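One chain follows as structure tokens, the form predicted alone.
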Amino acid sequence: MRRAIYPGTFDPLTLGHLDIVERARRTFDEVIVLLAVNTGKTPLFSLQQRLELVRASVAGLDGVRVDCHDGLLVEFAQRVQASAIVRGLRAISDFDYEFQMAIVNRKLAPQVETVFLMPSEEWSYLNSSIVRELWRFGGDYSRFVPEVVRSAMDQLKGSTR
């Protein structure tokens, strides 16, 4: 079985993320959407909330499951016998960081390849930071996230007023 990991904080999960999941699923037998813990970020949603939102968002996709990990990505990849790490590239500005991480991961686990996928042009500009900013300032973020995420963001907005 060809298994890939698609890591990220997914705070929140966007339709661009789902586009990458669907593209990866066409290439791999199984895709694990892996929620990473990033201590350098202050998330909008807790890890448990993000797990629930991502699971609900990918529930209809065969061969896709969701997990979380707070250690080295390649250690998780080796543990679940993944052959690849999938990373989305929206623009050339993403490439520098992703290239460096791919090289480090290759040094740590040469058997795990990094695969770069471009999102559909429809989502090439989109990231979670943009969605969070729209949310914070009252903009319309509904067209950028799955319905379950929109609902959770609406509820969060109501509780912070």
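Note that the coordinates shown come from a computational prediction; the quantities given were computed from them, not determined experimentally. Just count from 1 along the sequence shown to find any residue number.
Missing here is the form predicted in complex with a small molecule; even so, the following discussion is about that form.
- This chain is displayed alone, yet in the model of the complex one of Val115, Leu61, Leu47, Val104 has a heavy atom within 4.5 Å of the small molecule; that residue is Val104.
- Although the partner is absent from this view, Ala36 contacts the small molecule in the model of the complex, with a non-hydrogen atom inside 4.5 angstroms.
- The small molecule is not shown here, but in the model of the complex it comes within 4.5 Å of a heavy atom of Leu72.
- The closest heavy atom approach of Arg136 to the small molecule in the model of the complex falls outside 4.5 Å.
- Taking non-hydrogen atoms only, Ser93 never approaches the small molecule to within 4.5 angstroms in the model of the complex.
- Across the proposed site, Lys41, Arg87 and Arg132 without exception bring a heavy atom within 4.5 Å of the small molecule in the model of the complex.
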